[in-house]
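In structure tokens, one chain follows: the form predicted on its own.
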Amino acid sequence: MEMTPRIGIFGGTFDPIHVGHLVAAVNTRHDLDLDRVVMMVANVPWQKAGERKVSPAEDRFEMVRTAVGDVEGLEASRMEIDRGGPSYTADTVAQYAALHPGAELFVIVGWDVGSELQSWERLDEVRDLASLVIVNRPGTPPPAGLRRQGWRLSQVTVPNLEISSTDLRARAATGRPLDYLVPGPAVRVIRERSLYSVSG
């Protein structure tokens, strides 16, 4: 009898990807016994529109692809890039549900995103097709009210790694080290493509 695949979808801008993202992904896969976790690179992250300049999607995908490398059970996806336009989780989950009929889908978000879900487009569609996984630090309860809103909810606790993408971009711009904060292969992409340089 064929087992129902359990697929985690971990979306993000990943500008840049850092070790906190990978720690969250591998711990979620382990704790929830997922077959794989897909690191879904946003094409146009609509919630960040106008906030700051976002690195080109192809550069962000290359950082994620190289960072994931051959880590068992993790994969980089460019589905949202290939689809084009703004990236909405509802579209991505629907596309995965169509590609993998019967699969159990899990949308993986950080605690901070979990508290902002009401701003998502077509939230009911996401809730109908996928379970929600909140990744948080030790001792932090999940955002209030999610179960009352009808979510199938899981919680994964990871070490408290205070890593800021804003700080990482500033470090790269000023030539400070990214080692042990950003996976080595992704650091090489940043340097080779002069990402985050003041003139870039």
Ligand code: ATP
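Because the structure is predicted, anything quoted here is derived from the model rather than measured. The first residue of the sequence shown is number 1, and the count goes up from there.
Below, we refer to the form predicted together with adenosine-5'-triphosphate (ATP), which is not included among the displayed structures.
Peer 1: May I ask you to state whether residue 112 is within 4.5 Å of adenosine-5'-triphosphate (ATP) in the model of the complex, using heavy atom distances?
Peer 2: Answer yes; at least one heavy atom of residue 112 falls within 4.5 Å of adenosine-5'-triphosphate (ATP) in the model of the complex.
Peer 1: Contact between residue 169 and adenosine-5'-triphosphate (ATP) in the model of the complex at 4.5 Å, heavy atoms?
Peer 2: Yes.
Peer 1: Though only this chain appears here, would residue 157 touch adenosine-5'-triphosphate (ATP) in the model of the complex if you measure heavy atom gaps against 4.5 Å?
Peer 2: Result no; residue 157 lies far from adenosine-5'-triphosphate (ATP) in the model of the complex.
Peer 1: Applying a 4.5 Å heavy atom distance criterion, does residue 66 contact adenosine-5'-triphosphate (ATP) in the model of the complex?
Peer 2: Output for residue 66 is no: heavy atoms all beyond 4.5 Å of adenosine-5'-triphosphate (ATP).
Peer 1: Based on heavy atom distances of at most 4.5 Å to adenosine-5'-triphosphate (ATP) in the model of the complex, which listed stretch, 104-112, 90-98, 68-76, 121-129, is the contact stretch?
Peer 2: One stretch meets the cut-off, namely 104-112.
Peer 1: Please tell me whether the candidate spot formed by 10, 14 and 136 is one where all three residues come within 4.5 Å of adenosine-5'-triphosphate (ATP) in the model of the complex (heavy atoms).
Peer 2: Contact check passed for all of 10, 14 and 136.
Peer 1: Only one of 32, 44, 153, 161 comes within 4.5 Å of adenosine-5'-triphosphate (ATP) in the model of the complex by heavy atoms, so just point that one out.
Peer 2: Here the answer is residue option 161.
Peer 1: Note whether the distance between the C-alpha atoms of residue 153 and residue 139 decreases (closer) or increases (farther) in the model of the complex, against the displayed form; the change is 3 Å or more.
Peer 2: Farther is correct, given that in the model of the complex the C-alpha spacing of residue 153 to residue 139 is increased by at least 3 Å.
Peer 1: Assuming the CA distance changes by 3 angstroms or more, are residue 141 and residue 34 closer together or farther apart in the model of the complex compared with the shown structure?
Peer 2: Farther apart in the model of the complex, by 3 Å or more.
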